[in-house]
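Shown here is one chain on its own, the form predicted alone, set out as structure tokens.
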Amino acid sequence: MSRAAAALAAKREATEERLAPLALPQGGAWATEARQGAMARLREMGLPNRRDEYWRYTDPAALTAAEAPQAAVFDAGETPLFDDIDRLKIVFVDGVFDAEASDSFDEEAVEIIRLSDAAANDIHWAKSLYGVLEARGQTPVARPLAALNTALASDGVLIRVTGRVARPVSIIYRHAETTSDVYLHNLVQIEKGGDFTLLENGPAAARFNKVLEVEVADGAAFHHVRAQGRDHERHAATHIFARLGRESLFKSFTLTVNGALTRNEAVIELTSDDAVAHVAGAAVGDGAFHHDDTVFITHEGERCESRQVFKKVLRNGATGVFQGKILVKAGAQKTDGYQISQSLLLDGDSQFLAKPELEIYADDVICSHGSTSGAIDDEALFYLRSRGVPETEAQDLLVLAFLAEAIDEIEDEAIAADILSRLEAWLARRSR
């Protein structure tokens, strides 16, 4: 047996040991079929380890262990994010739906149902989407934690959009138990010409595994803004799988502050002509903070545009990771692909690890990538100090300016302003 075959065999054996005590959630025919298929995929590829190419910079042990690492519940002592925005609220506490804290699901041009309710039926529209985009996203890079989620998630939110939805749907994830281990799976299907905004915020659990599958039909638009909770000790693995139709729009922004380990994966397919996909993130970490953004965007149609904009501010030994790829398939002419990943290191103990990639099989494209890591500009800091700005305040201003390009990806000005104010408050507290 070759060394590679032996490693795969050992990996599968470890996976079987981990899966042995687990049982698939009960459900109707379509959900059972999807869950069994996901479990088969997982057994074939095995759970991740540090030998895997896309896990070299992030140790998945805490995400795959039989028991979730404990995480103390953190009270930020501030008004919840998005609180001033008119929205439809859906609340989960440690993965359990909280009906009293949630709004009625009645909303014009949108159908909302919980996964637990839909999965009980033998037939449901979600059959054409649940686990389908996740399965497509397993090639060419395996994403075993996403397959684990499709197999084990017993709840989540399924959303079908039939037109322009006036107010956002806001999924709020609350954390109350120090040992909670949660799998949630959300779907969004936006039909032709639809327009929809999804907000997500909160820490969710001590350990959180979430999948979001999004299908954006021709001429439709999807806007997504999320803030991952402030709990210092939480561990999270999140996945976005999106498929875009002709002249469609997908925009996603993620704010991460605090957390012991966060791995955010995004797999986006631009399958038809003139589609646009932007994915962005701003992360601010201090101390025992490990944050990993792993993105894979595939261009198949002509004249499509993609942007990846990721900024990380790190200090006191924090670690940031970015792995981003743009794949341009043969025939995807006039592609415009842009990728930038940058870190601002506020001390000599923090580190930023980056792996930007371009793979291009068309000859009429504009694609670029860049990755930088550095300290605060001494000249800019001196300029502000010379005009009477205190040093800590001057440093905070430069940090916010550094993060601005990522925050600018949020189209809704009110939401962007709310995000910016949270970052300002966080920096002010850290400066004390």
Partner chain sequence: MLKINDLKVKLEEEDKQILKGVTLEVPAGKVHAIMGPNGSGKSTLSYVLSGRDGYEVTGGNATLDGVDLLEMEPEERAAAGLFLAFQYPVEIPGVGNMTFLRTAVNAQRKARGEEEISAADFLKEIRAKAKTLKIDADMLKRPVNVGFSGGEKKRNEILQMAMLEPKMCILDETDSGLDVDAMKLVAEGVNALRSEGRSFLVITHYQRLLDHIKPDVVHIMADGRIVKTGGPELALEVENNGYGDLLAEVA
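Note that the structure is predicted; figures quoted are calculated from it, not measured. Residue numbers count along the first chain shown, from 1.
In what follows, reference is made to the form predicted together with the partner chain, a form of this protein that is not presented.
- For the partner chain in the predicted complex, the listed stretch (374 to 382, 25 to 33, 359 to 367, 52 to 60) containing residues with heavy atoms inside 4.5 Å is 374 to 382.
- Heavy atoms of S386 reach within 4.5 Å of the partner chain in the predicted complex, making it an interface residue.
- Contact between E391 and the partner chain in the predicted complex is found at the 4.5 Å heavy atom cutoff.
- Under a 4.5 angstroms non-hydrogen atom cutoff, the partner chain in the predicted complex has L398 among its neighbouring residues.
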